[in-house]
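Just one chain is shown here, as structure tokens, and it is the form predicted alone.
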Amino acid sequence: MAVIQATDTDFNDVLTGNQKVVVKYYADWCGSCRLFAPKFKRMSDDEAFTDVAFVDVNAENNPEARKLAGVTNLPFFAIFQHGKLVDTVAASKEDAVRTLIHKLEA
């Protein structure tokens, strides 16, 4: 599944239009964010996550979307279910993000 690029304008539509969502908050200057991008894309293609929408949000340009998850560091990941924030993690390790996404299965 492709990674959706969201902004403040369509972020709520993306959250309410998908039952399960994982959001990667990034900034263009963030080296760890750029390094994680291929991993995030690969996870979006993983059959284990076919029912999860993968979303990228530029944290610098989208303060409203950033505020919904309480972003404190980059890269920052947040999971939403039925439009509600479930959990977050500030990490650049794939295992930490996979563990976060698996919380959507509960």
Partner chain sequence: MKVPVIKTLVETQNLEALVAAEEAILEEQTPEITVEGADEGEQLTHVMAAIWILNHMQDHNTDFKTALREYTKKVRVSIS
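Numbering follows the first chain given and starts at 1. Keep in mind that what you see is a predicted model, and the values were worked out from it rather than measured.
Beyond the structure shown, there is the form predicted together with its partner chain, which is absent from this document and is the topic of what follows.
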Inset, instruction - Decide whether A48 counts as a contact residue for its partner chain in the predicted bound form under a heavy atom distance cut-off of 4.5 Å. - result: no
Legend entry - Residue contact check: K41 to its partner chain in the predicted bound form, 4.5 Å heavy atom: no
Inset, instruction - Using the partner position in the predicted bound form, report whether C30 sits within 4.5 Å of its partner chain, counting heavy atoms only. - result: yes
Legend entry - its partner chain contact in the predicted bound form: I79, any heavy atom under 4.5 Å: no
Legend entry - in the predicted bound form, the residue from V55, A69, L74, V52 that sits within 4.5 Å of its partner chain by heavy atoms: L74
